[in-house]
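Below you will find one chain, with nothing else, as structure tokens; this is the form predicted alone, and questions on how it binds or moves follow later.
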Amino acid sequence: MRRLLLSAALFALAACGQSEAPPPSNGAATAPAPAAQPPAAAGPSAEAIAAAVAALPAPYNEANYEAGRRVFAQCRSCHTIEAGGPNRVGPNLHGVFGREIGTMANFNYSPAVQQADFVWDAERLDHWLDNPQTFLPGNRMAFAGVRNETQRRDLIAYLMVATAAE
């Protein structure tokens, strides 16, 4: 019975996130506890994200950040958004707002993008995401677009917050 209670106590401690268990009562030696792992990077809090979205210009300040994150799942196979992240089939998008088109280092852009002359802002990205081929004919982005206006708004708001250069 005592062994059953000790097992139950150990399970309860482990379930509550305790890293140390009480010593066994039978005198047996135990292996040292594994070193505690540092917590994973939590990222910004929900409150910080909500405040960042609320600070965006209209209509992006009314966007759903999580819905935008889900829409970005379509983009993840080709684009990264982390600072210093790699280029993939498409360029890294960190700091894209305010960046001149076709200037991400170490990315081989199509001639159409190389010849374009504008700076990325929400309005241009909205038109690009609606249909990349009609926005800039001859670009190599093999993506049909996000035709739903609300999904584009949410995606752009997500990118405005998630790719903001520090």
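A residue's number is simply how far along the shown sequence it sits, counting from 1. It should be emphasised that the depicted structure is a prediction, and the values quoted were computed from it without experimental measurement.
Separately, the form predicted in complex with heme C exists; it is not shown, and the next lines address it.
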query	finding
Partner proximity in the predicted complex: Gly90 to heme C, non-hydrogen atom cutoff 4.5 Å	yes
Contact of Leu129 with heme C in the predicted complex (heavy atom, 4.5 Å)	yes
Contact label in the predicted complex: Val53 to heme C, heavy atom within 4.5 Å	no
Heavy atom of Ser110 within 4.5 Å of heme C in the predicted complex	yes
Output flag, Cys78, Asn139 and Phe143 jointly within 4.5 Å of heme C in the predicted complex, heavy atom basis	yes
